[in-house]
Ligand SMILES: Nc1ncnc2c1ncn2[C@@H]1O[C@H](COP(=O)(O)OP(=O)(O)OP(=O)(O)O)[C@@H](O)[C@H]1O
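Shown next as structure tokens: one chain only, the form predicted on its own.
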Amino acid sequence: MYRVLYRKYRPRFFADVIGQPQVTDTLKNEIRADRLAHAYLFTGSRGTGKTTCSKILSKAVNCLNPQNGDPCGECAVCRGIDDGTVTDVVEIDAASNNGVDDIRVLREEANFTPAEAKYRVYIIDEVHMLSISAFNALLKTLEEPPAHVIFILATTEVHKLPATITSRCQRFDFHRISPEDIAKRLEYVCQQENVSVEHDAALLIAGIADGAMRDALSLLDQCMGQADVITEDSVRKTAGLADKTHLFEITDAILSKDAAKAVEIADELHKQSKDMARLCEELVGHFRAVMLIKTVRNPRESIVMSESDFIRTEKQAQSLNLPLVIKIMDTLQSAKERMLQGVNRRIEMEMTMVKLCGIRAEGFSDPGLEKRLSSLEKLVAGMKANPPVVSNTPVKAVPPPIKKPSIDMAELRKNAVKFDGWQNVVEHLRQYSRSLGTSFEGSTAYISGKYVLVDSKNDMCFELLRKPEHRTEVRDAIQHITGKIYSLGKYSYPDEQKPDDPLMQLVSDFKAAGIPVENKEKNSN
């Protein structure tokens, strides 16, 4: 009879357990030193090896020929535990045996000495499902069990256990298994099964499994039923995932505010029987990658995707500011929650696509523009209340004098800090005005209060900034990257002389040598 992969390749020794050295090494050391606890608590997310380690531990403490802390796997007790014929090792599912009567039966059985093995081992899975009265019935036995009894409690929700239970156990926390470790194990299994798998496909399965080896092997089992060569596309098809191309296309549509294109992509995916709630989840994962690229120093370590997809995601991240990414993720999460509450998923997704394409106008409007619109609205309201008197006599308009505020450049230089995101601004400018972006190559910028001060040896960029349309483009690019509005200025050095000017350096050298500056030409001759 066919055995599913997660059962067929379940580790039989501590050395075979993937990604949990903090658990397996400690248990092996305790077994070697014969320092066994009477109660163990294994906690962690699903599929990380809690039940597997429980079974290995039950064999190791009873093995007739232990091997350096591991069970031999060949003696009668080890084979009997694997076959389920040794009655001294008992597995209890607390989800279906959670009453006080079940625990009372366990307490009575625990008093009997083992029939075949050295220890009676009780493995209680999903122990957090026990009732309060059942926990109370277990408490005394757990605290002072007979010398021949070992309890192993396993749970995914340790916070639901009473403190009186956890304090009587030796606790081991199982971590989520890293995608690379899962991918290596999947490749090993495929090699044993004579199935070819691409590394990117194994990584994709690992990403979907979210740190659970059992889930990864179950999905691999499904993929092996599709074809003998497992590719990234076949994994997506088996798991019902959207093609990664669609995620990039939807993101491009959001960036260009093309609601029609975004809705069209969503409808096409719906026709292909793609679950819209799952599409929301994938989009959240995609924008999570963008968020990490913009915030984490080494994002590649935290993002599971192929190198080509990572490069493409990195490029998209340059066109997105962080507040916008957070807003998009929040909108998608809300849409998914509504879908799970029973609304029409297709309509909800279409509405969400339209929202996302207009989110920049809704959530990140220009405060200066809002202020000007408010002033215009007040002006129009005043004109309606007091309409102007129309006269035939022409009136010559006299422009009011414009008083420019004085700017203390020395104070601005004093408070200036380097603008680390300036190169992102230049890159953004290059996307819609190559000449403007090129003119700022090699420049740096500083932020001082409400000003961004540009420092460049290329005077062309300042000539371009004289034009109002170019100044607007630069201010918009800065707002796109920072989410804030700044005024623009030129970073000038004291006495309008840059410190790397050769003439200034020469003057400084003369002064240091005690030579009067006005005589430098004579002396140089």
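Here the structure is a predicted model, which is why all the values come from computation and not from measurement. Residue numbers here begin at 1 and follow the sequence given.
Although not depicted, the form predicted together with the ligand is the subject of the following passage.
Between the options 89, 177, 197, 266, the residue in contact with the ligand in the predicted bound form by a heavy atom within 4.5 angstroms is 177. Taking 350, 210, 126, 232 one by one, only a single residue has any non-hydrogen atom within 4.5 Å of the ligand in the predicted bound form, and it is 126. Look at 62-70, 458-466, 31-39, 47-55: in the predicted bound form, residues with non-hydrogen atoms within 4.5 angstroms of the ligand sit in 47-55. The shortest heavy atom separation between residue 278 and the ligand in the predicted bound form exceeds 4.5 Å.
Among heavy atoms of residue 424, none comes within 4.5 Å of the ligand in the predicted bound form. Heavy atoms of residue 17 reach within 4.5 Å of the ligand in the predicted bound form, making it an interface residue. By the criterion of a heavy atom within 4.5 Å, residue 338 is excluded from the residues contacting the ligand in the predicted bound form. Annotation for 205-232: interface residues with the ligand in the predicted bound form are 213, 214, 217 [heavy atom within 4.5 Å].
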